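Below you will find one chain, with nothing else, as C-alpha coordinates; this is the form predicted alone, and questions on how it binds or moves follow later.
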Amino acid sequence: MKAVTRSTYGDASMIEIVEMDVPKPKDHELLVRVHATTVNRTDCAILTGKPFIMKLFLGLGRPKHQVLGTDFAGEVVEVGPGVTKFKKGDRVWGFDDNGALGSQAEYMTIHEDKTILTVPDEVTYEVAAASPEAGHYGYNFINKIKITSEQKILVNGGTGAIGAATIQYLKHYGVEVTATCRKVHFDQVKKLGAAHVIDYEKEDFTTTAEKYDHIFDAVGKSTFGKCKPLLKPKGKYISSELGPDGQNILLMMTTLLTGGKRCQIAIPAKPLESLVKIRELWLSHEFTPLIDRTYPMDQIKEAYTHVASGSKVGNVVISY
(Lines give C-alpha, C1' and ligand atoms only; values in the text may rest on other atoms or scores of the structure.)
Protein backbone atom coordinates (compact mmCIF):
# COMPACT_ATOMS: atom_id res chain seq x y z
CA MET A 1 0.00 0.00 0.00
CA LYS A 2 0.98 3.66 -0.36
CA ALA A 3 1.36 5.71 2.81
CA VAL A 4 2.20 9.34 3.58
CA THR A 5 5.18 9.41 5.94
CA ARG A 6 7.83 11.61 7.51
CA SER A 7 10.85 10.65 9.63
CA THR A 8 11.58 14.04 11.18
CA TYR A 9 9.75 17.25 12.07
CA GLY A 10 9.55 19.97 9.44
CA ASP A 11 7.47 21.42 6.65
CA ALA A 12 5.80 19.66 3.71
CA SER A 13 9.18 18.99 2.09
CA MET A 14 9.73 16.31 4.78
CA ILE A 15 6.82 14.24 3.45
CA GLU A 16 7.41 11.05 1.47
CA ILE A 17 4.92 8.68 -0.11
CA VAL A 18 6.27 5.17 0.37
CA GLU A 19 5.19 1.59 -0.26
CA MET A 20 4.45 -0.36 2.92
CA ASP A 21 2.92 -3.71 3.80
CA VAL A 22 -0.81 -3.66 4.46
CA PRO A 23 -1.21 -3.99 8.25
CA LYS A 24 -2.95 -7.01 9.75
CA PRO A 25 -5.77 -6.37 12.24
CA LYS A 26 -5.07 -7.61 15.77
CA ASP A 27 -7.63 -8.59 18.41
CA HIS A 28 -10.66 -6.25 18.26
CA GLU A 29 -9.15 -4.27 15.38
CA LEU A 30 -10.56 -3.42 11.96
CA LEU A 31 -8.65 -3.15 8.70
CA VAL A 32 -10.06 -0.17 6.82
CA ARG A 33 -9.56 0.65 3.15
CA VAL A 34 -9.30 4.43 3.39
CA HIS A 35 -11.20 6.34 0.71
CA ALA A 36 -10.81 9.87 2.05
CA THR A 37 -8.99 11.82 4.74
CA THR A 38 -8.14 15.49 5.29
CA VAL A 39 -5.21 17.78 5.97
CA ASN A 40 -6.11 20.06 8.87
CA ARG A 41 -4.45 22.35 11.41
CA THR A 42 -3.77 19.42 13.73
CA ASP A 43 -2.06 17.51 10.91
CA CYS A 44 0.18 20.51 10.26
CA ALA A 45 1.08 20.71 13.96
CA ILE A 46 1.89 16.99 13.97
CA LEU A 47 4.07 17.42 10.87
CA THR A 48 6.03 20.37 12.25
CA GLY A 49 6.01 19.49 15.94
CA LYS A 50 4.89 23.05 16.68
CA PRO A 51 3.96 24.38 19.14
CA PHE A 52 6.64 22.56 21.16
CA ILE A 53 4.06 21.07 23.51
CA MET A 54 3.08 18.75 20.62
CA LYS A 55 6.44 16.97 20.92
CA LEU A 56 5.61 15.88 24.47
CA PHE A 57 3.02 13.57 22.91
CA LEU A 58 4.61 12.89 19.51
CA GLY A 59 8.24 12.34 20.52
CA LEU A 60 10.83 14.86 21.71
CA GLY A 61 13.68 14.18 19.31
CA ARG A 62 11.93 12.45 16.45
CA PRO A 63 8.29 11.53 15.81
CA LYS A 64 7.33 8.14 17.21
CA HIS A 65 4.88 7.49 14.36
CA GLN A 66 5.85 7.97 10.73
CA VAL A 67 2.50 7.64 8.93
CA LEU A 68 0.49 10.86 9.08
CA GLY A 69 -3.27 11.42 9.28
CA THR A 70 -5.86 12.10 11.98
CA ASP A 71 -9.25 11.40 10.37
CA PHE A 72 -10.66 9.05 7.79
CA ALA A 73 -13.62 7.57 5.98
CA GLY A 74 -13.51 4.20 4.31
CA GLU A 75 -14.66 0.59 4.17
CA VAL A 76 -13.99 -2.26 6.59
CA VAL A 77 -12.27 -4.95 4.52
CA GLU A 78 -11.24 -7.31 7.35
CA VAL A 79 -12.00 -7.74 11.05
CA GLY A 80 -9.64 -9.13 13.65
CA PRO A 81 -10.49 -11.76 16.27
CA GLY A 82 -13.16 -10.75 18.76
CA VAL A 83 -14.68 -7.85 16.81
CA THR A 84 -18.40 -7.46 17.56
CA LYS A 85 -19.29 -3.83 16.72
CA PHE A 86 -18.48 -3.80 13.00
CA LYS A 87 -18.38 -6.21 10.09
CA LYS A 88 -16.68 -6.53 6.74
CA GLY A 89 -18.25 -4.15 4.22
CA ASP A 90 -19.28 -1.47 6.74
CA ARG A 91 -18.73 2.12 5.64
CA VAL A 92 -17.01 3.84 8.58
CA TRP A 93 -15.51 7.17 9.62
CA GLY A 94 -13.64 8.49 12.63
CA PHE A 95 -10.55 10.23 13.91
CA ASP A 96 -7.82 10.39 16.52
CA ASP A 97 -5.71 13.52 16.90
CA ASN A 98 -2.87 12.04 18.98
CA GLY A 99 -0.63 11.55 15.94
CA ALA A 100 -0.76 7.75 15.92
CA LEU A 101 -3.77 6.97 13.71
CA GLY A 102 -1.92 6.89 10.37
CA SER A 103 -4.99 7.50 8.21
CA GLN A 104 -3.09 9.09 5.32
CA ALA A 105 -2.53 5.65 3.82
CA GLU A 106 -4.50 3.34 1.58
CA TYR A 107 -5.15 1.00 4.52
CA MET A 108 -5.14 1.46 8.29
CA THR A 109 -6.10 -0.49 11.39
CA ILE A 110 -8.16 0.85 14.28
CA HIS A 111 -9.55 -0.70 17.45
CA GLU A 112 -13.33 -1.11 17.37
CA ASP A 113 -13.66 0.82 20.66
CA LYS A 114 -11.92 3.92 19.34
CA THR A 115 -13.65 6.98 17.84
CA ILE A 116 -15.33 5.27 14.88
CA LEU A 117 -18.93 5.00 13.65
CA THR A 118 -20.73 3.79 10.56
CA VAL A 119 -21.43 6.22 7.71
CA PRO A 120 -25.06 6.64 6.57
CA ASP A 121 -25.61 5.53 2.96
CA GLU A 122 -26.48 9.06 1.81
CA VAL A 123 -23.21 10.57 3.08
CA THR A 124 -20.15 10.46 0.79
CA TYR A 125 -16.71 9.42 1.99
CA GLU A 126 -15.42 12.95 1.30
CA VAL A 127 -18.12 14.56 3.47
CA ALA A 128 -17.58 11.97 6.20
CA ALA A 129 -13.81 12.54 6.27
CA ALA A 130 -14.22 16.33 6.38
CA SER A 131 -16.59 16.21 9.35
CA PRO A 132 -14.91 14.74 12.46
CA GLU A 133 -12.02 17.03 13.40
CA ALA A 134 -13.73 20.34 12.69
CA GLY A 135 -17.06 19.04 13.95
CA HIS A 136 -15.48 17.74 17.16
CA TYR A 137 -13.76 21.03 17.95
CA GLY A 138 -16.89 22.98 17.05
CA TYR A 139 -19.01 20.79 19.31
CA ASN A 140 -16.58 21.47 22.14
CA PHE A 141 -17.14 25.20 21.72
CA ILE A 142 -20.85 24.90 22.38
CA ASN A 143 -20.32 22.40 25.20
CA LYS A 144 -18.50 25.10 27.19
CA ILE A 145 -21.72 27.11 27.65
CA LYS A 146 -25.36 26.62 28.58
CA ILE A 147 -26.83 27.30 25.18
CA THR A 148 -30.27 28.85 24.65
CA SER A 149 -32.07 30.20 21.60
CA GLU A 150 -32.19 33.69 23.16
CA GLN A 151 -28.43 34.12 22.99
CA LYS A 152 -26.33 36.18 20.61
CA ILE A 153 -22.94 34.65 19.80
CA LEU A 154 -20.10 35.91 17.63
CA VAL A 155 -17.93 33.41 15.75
CA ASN A 156 -14.54 34.74 14.68
CA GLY A 157 -13.46 32.80 11.59
CA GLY A 158 -16.71 31.82 9.92
CA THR A 159 -15.07 30.20 6.89
CA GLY A 160 -12.59 28.09 8.84
CA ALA A 161 -13.40 24.40 9.15
CA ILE A 162 -14.10 24.76 12.88
CA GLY A 163 -15.96 28.06 12.52
CA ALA A 164 -18.21 26.72 9.77
CA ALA A 165 -19.07 23.69 11.89
CA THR A 166 -19.73 25.85 14.95
CA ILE A 167 -22.12 28.13 13.05
CA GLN A 168 -24.18 25.13 11.97
CA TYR A 169 -24.40 23.83 15.55
CA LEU A 170 -25.54 27.25 16.77
CA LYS A 171 -28.15 27.45 14.02
CA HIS A 172 -29.41 24.03 15.13
CA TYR A 173 -30.00 25.46 18.61
CA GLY A 174 -31.66 28.61 17.29
CA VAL A 175 -28.90 31.03 18.34
CA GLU A 176 -28.52 34.41 16.62
CA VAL A 177 -25.05 34.18 15.09
CA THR A 178 -22.70 36.92 13.93
CA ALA A 179 -19.62 35.70 12.05
CA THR A 180 -16.47 37.26 10.63
CA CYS A 181 -15.21 36.44 7.15
CA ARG A 182 -14.12 38.08 3.91
CA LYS A 183 -16.89 39.88 1.99
CA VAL A 184 -16.59 37.41 -0.89
CA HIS A 185 -17.80 34.67 1.49
CA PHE A 186 -20.77 36.52 2.99
CA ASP A 187 -23.42 34.48 1.15
CA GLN A 188 -21.67 31.22 1.96
CA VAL A 189 -21.49 32.00 5.69
CA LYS A 190 -25.11 33.17 5.79
CA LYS A 191 -26.12 29.88 4.19
CA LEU A 192 -24.35 28.07 7.04
CA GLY A 193 -26.58 29.90 9.51
CA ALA A 194 -25.08 33.29 10.36
CA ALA A 195 -27.66 36.06 10.70
CA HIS A 196 -25.01 38.80 10.50
CA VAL A 197 -21.53 38.92 8.95
CA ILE A 198 -18.58 41.25 9.45
CA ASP A 199 -15.89 41.80 6.81
CA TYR A 200 -12.75 41.45 8.90
CA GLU A 201 -10.66 42.98 6.10
CA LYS A 202 -12.59 46.24 6.41
CA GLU A 203 -13.81 46.28 10.02
CA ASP A 204 -12.31 45.32 13.39
CA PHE A 205 -15.12 43.35 14.99
CA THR A 206 -13.79 44.16 18.47
CA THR A 207 -14.74 47.83 18.00
CA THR A 208 -18.45 47.14 17.47
CA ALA A 209 -20.95 48.46 20.00
CA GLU A 210 -22.92 45.18 19.91
CA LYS A 211 -22.86 43.00 23.02
CA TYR A 212 -22.71 39.21 22.86
CA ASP A 213 -23.48 36.46 25.31
CA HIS A 214 -20.35 34.65 24.15
CA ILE A 215 -17.56 34.99 21.59
CA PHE A 216 -16.09 31.90 19.92
CA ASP A 217 -12.66 32.55 18.42
CA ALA A 218 -12.52 29.59 16.04
CA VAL A 219 -9.22 30.73 14.50
CA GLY A 220 -7.55 31.89 17.71
CA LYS A 221 -6.52 35.21 16.18
CA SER A 222 -8.04 37.60 18.71
CA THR A 223 -7.60 37.88 22.48
CA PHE A 224 -9.70 37.96 25.62
CA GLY A 225 -8.55 41.52 26.28
CA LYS A 226 -9.81 42.78 22.93
CA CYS A 227 -13.09 40.86 23.11
CA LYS A 228 -13.93 41.46 26.78
CA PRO A 229 -15.72 44.80 26.17
CA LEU A 230 -18.10 43.04 23.73
CA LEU A 231 -19.18 40.43 26.27
CA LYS A 232 -22.26 40.67 28.40
CA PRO A 233 -21.83 40.09 32.16
CA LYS A 234 -20.93 36.41 32.74
CA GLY A 235 -20.09 36.07 29.02
CA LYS A 236 -17.29 33.82 27.82
CA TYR A 237 -14.51 34.31 25.28
CA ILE A 238 -13.62 30.80 24.11
CA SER A 239 -10.60 30.29 21.84
CA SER A 240 -9.37 27.37 19.77
CA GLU A 241 -5.76 28.37 20.58
CA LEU A 242 -3.57 29.08 23.60
CA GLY A 243 -3.30 32.77 22.72
CA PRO A 244 -0.17 34.97 22.53
CA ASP A 245 2.55 33.49 24.76
CA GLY A 246 0.01 30.95 26.01
CA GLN A 247 -1.89 33.63 27.91
CA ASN A 248 -5.23 31.86 27.69
CA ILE A 249 -4.01 29.17 30.09
CA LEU A 250 -3.40 31.74 32.83
CA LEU A 251 -6.57 33.66 31.95
CA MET A 252 -8.66 30.51 32.29
CA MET A 253 -7.56 30.23 35.92
CA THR A 254 -7.68 33.90 36.88
CA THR A 255 -11.06 34.64 35.29
CA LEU A 256 -12.52 31.54 36.91
CA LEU A 257 -11.48 32.87 40.32
CA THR A 258 -12.61 36.45 39.75
CA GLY A 259 -16.00 35.57 38.25
CA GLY A 260 -17.77 37.70 35.68
CA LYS A 261 -16.51 37.57 32.11
CA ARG A 262 -14.37 34.51 31.48
CA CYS A 263 -11.70 33.20 29.13
CA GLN A 264 -11.66 29.53 28.17
CA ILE A 265 -9.89 27.26 25.70
CA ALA A 266 -12.04 24.90 23.63
CA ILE A 267 -10.14 21.86 24.88
CA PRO A 268 -11.71 18.96 23.00
CA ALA A 269 -13.06 15.97 24.91
CA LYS A 270 -15.42 13.02 24.35
CA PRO A 271 -14.83 12.68 20.59
CA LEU A 272 -17.29 9.81 20.13
CA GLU A 273 -20.04 12.00 21.58
CA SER A 274 -19.15 14.64 18.99
CA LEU A 275 -19.38 12.13 16.15
CA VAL A 276 -22.77 10.93 17.35
CA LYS A 277 -24.02 14.53 17.25
CA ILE A 278 -22.57 15.11 13.78
CA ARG A 279 -24.25 11.97 12.45
CA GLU A 280 -27.54 13.09 13.99
CA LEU A 281 -27.26 16.43 12.18
CA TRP A 282 -26.26 14.73 8.91
CA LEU A 283 -29.48 12.76 9.03
CA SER A 284 -31.57 15.87 9.73
CA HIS A 285 -29.73 17.74 6.94
CA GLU A 286 -28.43 20.36 9.39
CA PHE A 287 -24.70 19.74 9.04
CA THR A 288 -22.45 19.69 6.00
CA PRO A 289 -18.71 20.36 6.33
CA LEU A 290 -17.35 23.26 4.33
CA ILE A 291 -14.87 21.85 1.77
CA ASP A 292 -12.23 24.06 0.17
CA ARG A 293 -10.69 21.66 -2.31
CA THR A 294 -9.82 18.00 -2.85
CA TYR A 295 -6.37 16.60 -3.67
CA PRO A 296 -5.22 13.12 -4.72
CA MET A 297 -2.65 11.45 -2.46
CA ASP A 298 0.24 12.20 -4.80
CA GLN A 299 -0.39 15.93 -4.30
CA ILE A 300 -0.46 15.80 -0.52
CA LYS A 301 2.60 18.03 -0.16
CA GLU A 302 0.65 20.75 -1.98
CA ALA A 303 -2.29 20.13 0.36
CA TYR A 304 -0.13 20.60 3.46
CA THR A 305 1.43 23.76 1.99
CA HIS A 306 -2.02 25.17 1.24
CA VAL A 307 -3.31 24.49 4.75
CA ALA A 308 -0.14 25.90 6.35
CA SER A 309 -0.56 29.11 4.34
CA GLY A 310 -3.72 29.94 6.31
CA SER A 311 -5.66 30.67 3.13
CA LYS A 312 -7.98 27.65 3.05
CA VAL A 313 -11.74 28.00 3.34
CA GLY A 314 -13.15 25.06 5.28
CA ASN A 315 -11.61 21.61 4.92
CA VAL A 316 -8.97 20.24 2.57
CA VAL A 317 -9.80 16.66 1.57
CA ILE A 318 -7.48 13.92 0.31
CA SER A 319 -9.40 11.39 -1.77
CA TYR A 320 -8.10 8.04 -3.04
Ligand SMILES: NC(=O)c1ccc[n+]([C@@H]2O[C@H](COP(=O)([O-])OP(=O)(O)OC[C@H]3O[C@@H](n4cnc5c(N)ncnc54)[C@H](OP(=O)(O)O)[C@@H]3O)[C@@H](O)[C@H]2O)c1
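Computed from a prediction, not measured in an experiment: that's the story for all the values here. Residue numbers run from 1 along the displayed sequence.
One more form of this protein exists, namely the form predicted together with the ligand; it is left out here, but the text below deals with it.
With the partner omitted here, the stretch from 84-92, 230-238, 111-119, 216-224 that lies within 4.5 Å of the ligand by heavy atoms in the predicted bound form is 216-224. Proximity of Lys211 to the ligand in the predicted bound form falls outside the 4.5 Å heavy atom cutoff.
The closest non-hydrogen atom of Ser103 lies beyond 4.5 Å of the ligand in the predicted bound form. Contact between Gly157 and the ligand in the predicted bound form is found at the 4.5 Å heavy atom cutoff. Although the partner is absent here, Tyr200 sits close enough that one of its heavy atoms falls within 4.5 Å of the ligand in the predicted bound form. Contact with the ligand in the predicted bound form holds for none of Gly10, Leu58 and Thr305, as no heavy atom of theirs lies within 4.5 Å. With the partner omitted here, the residue from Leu192, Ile162, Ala128, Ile153 that has a non-hydrogen atom within 4.5 angstroms of the ligand in the predicted bound form is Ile162. The partner is not shown here, but in the predicted bound form the stretch 245-281 reaches within 4.5 angstroms of the ligand through a heavy atom at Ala266, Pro268.
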